[in-house]
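Form predicted alone, single chain, as structure tokens, below.
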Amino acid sequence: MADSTLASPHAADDEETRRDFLLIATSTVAAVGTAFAAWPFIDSLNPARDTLAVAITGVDLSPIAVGQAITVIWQGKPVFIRHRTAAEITAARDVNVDQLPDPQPDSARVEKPEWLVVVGVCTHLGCIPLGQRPTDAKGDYGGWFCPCHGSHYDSSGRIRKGPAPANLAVPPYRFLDDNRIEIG
């Protein structure tokens, strides 16, 4: 006698299809839920808004007279911007680069010869060199002088004398026009 409780042969296929659908739907919901739960942690790895705000600094150069220097803050560091005189440009170009502790020609440090833009942090121990104010000691080479350990920089920000191992760093910058730059 045949068992009337046995399902038709198509019932097994319907059961497998429903099981596959439930497995796929549950997996999809779990994946989306995991992504939503993980997003705050992933997003926390991005830089903070205040960090992004200082990542790029715009500077108007028009009020800076020839021979004058200003200091702006970029990424929490002082950046020295000097409108160099013709004498400073000539002195910076006429240096024998082979005799420098960190040889670098002036042309590699500036985009326009009359404007020098350097990070104002001594490369020896991170002090802030003097030379931005007209009354500051500018060192033996007319640039900057770090009184903490006696490093002397020239008008191109190159180390000339003292314990500093490298030139003042040149930050990434570009001229937007003749009177404006963007640092960063």
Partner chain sequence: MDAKTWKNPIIAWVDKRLPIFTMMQHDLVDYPTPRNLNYWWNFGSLAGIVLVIMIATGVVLAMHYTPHTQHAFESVERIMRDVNYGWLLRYLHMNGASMFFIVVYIHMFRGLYYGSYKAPRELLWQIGVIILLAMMATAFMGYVLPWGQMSYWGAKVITNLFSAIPLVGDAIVTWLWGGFAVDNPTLNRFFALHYLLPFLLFALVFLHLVALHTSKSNNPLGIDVKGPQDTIPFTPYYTVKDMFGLGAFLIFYLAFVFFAPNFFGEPDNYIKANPMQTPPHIVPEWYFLPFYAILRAITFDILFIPAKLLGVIAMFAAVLVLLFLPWLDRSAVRSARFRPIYKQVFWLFVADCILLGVVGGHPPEGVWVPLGQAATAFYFAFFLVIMPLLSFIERPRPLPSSISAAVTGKGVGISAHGVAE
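Bear in mind the structure is a predicted one, so any value in this text is a computation, not a measurement. Positions refer to the first chain, counted from 1. Between two forms, the rigid core is defined as the largest C-alpha subset superposing within 1.5 Å.
Not pictured, yet referred to below: the form predicted in complex with the partner chain.
Proximity to the partner chain in the predicted bound form, taken as heavy atoms within 4.5 Å, picks out 42-50 from the listed stretches 42-50, 131-139, 151-159, 118-126. Once the rigid core is overlaid between the shown form and the other one, Pro134 does not reach a Cα shift of 2 Å, moving by less than that.
Once both forms are fitted on their rigid core, the CA atom of Arg19 lies 2 Å or more apart between the shown form and the other one. Once the rigid core is used as the reference frame, the Cα position of Asp43 differs between the shown form and the other one by 2 Å or more.
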